[in-house]
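Single chain ahead, written as structure tokens, the form predicted alone.
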């Protein structure tokens, strides 16, 4: 098992923030990344469809015999994790929700925690319920920030437009005097500078990609499943659709100039699926 890869899937390219952190924490591991760019975004879709797509994504990754699979998508983590654990009981699944919640609870001083994410993530109330059920004195203030994703993919991660939009979205959290904010979307870490500038120095930002990577590394150490090879492991990228600008955006997320990606044939998904 030690030489088997780590599988990661996301609704699109945002999960590359998670893949980047996993590579940082587990530099020798081979990573198979799948981004469902043909059907992005998941944040506006129903729970049933998110479960269906997540099931199909996991099935695709299983052909590589991964030692574990990371659900990098926050919407899928909120809506499909329980379903995937039921369908794949022997597979180790790591979602982005649990480690983010634990980190936020450990770092808040006032008990006032903010959560920002896609509309579906916020409407699922999974973050809110997880935080409040862990400590009934916690107060959670959640805000959907749907325009953050297109801003990042346009490369507008620190300009007048991004700052103005962030100021509008984050105003309610400032008014509630939160001291900790979970970035509950894989795109949002790229807007960290803008978000921090709006919220101020006294607010701790929780980047789930870092927390997930730390959890993956700890799991591998506990199970003695670390890859035995020396050197940097490969990152293999698969996408369900390769638009003309995909490479440009992928390079933005990975911070590198040379990227090789593979587009999947349209029929890669299982034909039959029932929720």
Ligand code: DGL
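Numbering follows the first chain given and starts at 1. Just so you know, these numbers come straight off a predicted model, no measurement behind them.
The same protein has a further form, the form predicted in complex with the named molecule, not shown here; the description that follows concerns it.
- The closest heavy atom approach of residue 233 to the named molecule in the model of the complex falls outside 4.5 Å.
- At the 4.5 Å threshold, heavy atoms of residue 43 reach the named molecule in the model of the complex.
- The named molecule is not shown here, and in the model of the complex it never comes within 4.5 Å of any heavy atom of residue 113.
- At least one heavy atom of residue 149 is located within 4.5 Å of the named molecule in the model of the complex.
- Shown alone, this chain has one stretch from 51-59, 237-245, 207-215, 66-74 that lies within 4.5 Å of the named molecule in the model of the complex by heavy atoms: 66-74.
- The partner is not shown here, but in the model of the complex the stretch 119-143 reaches within 4.5 angstroms of the named molecule through a heavy atom at 121 alone.
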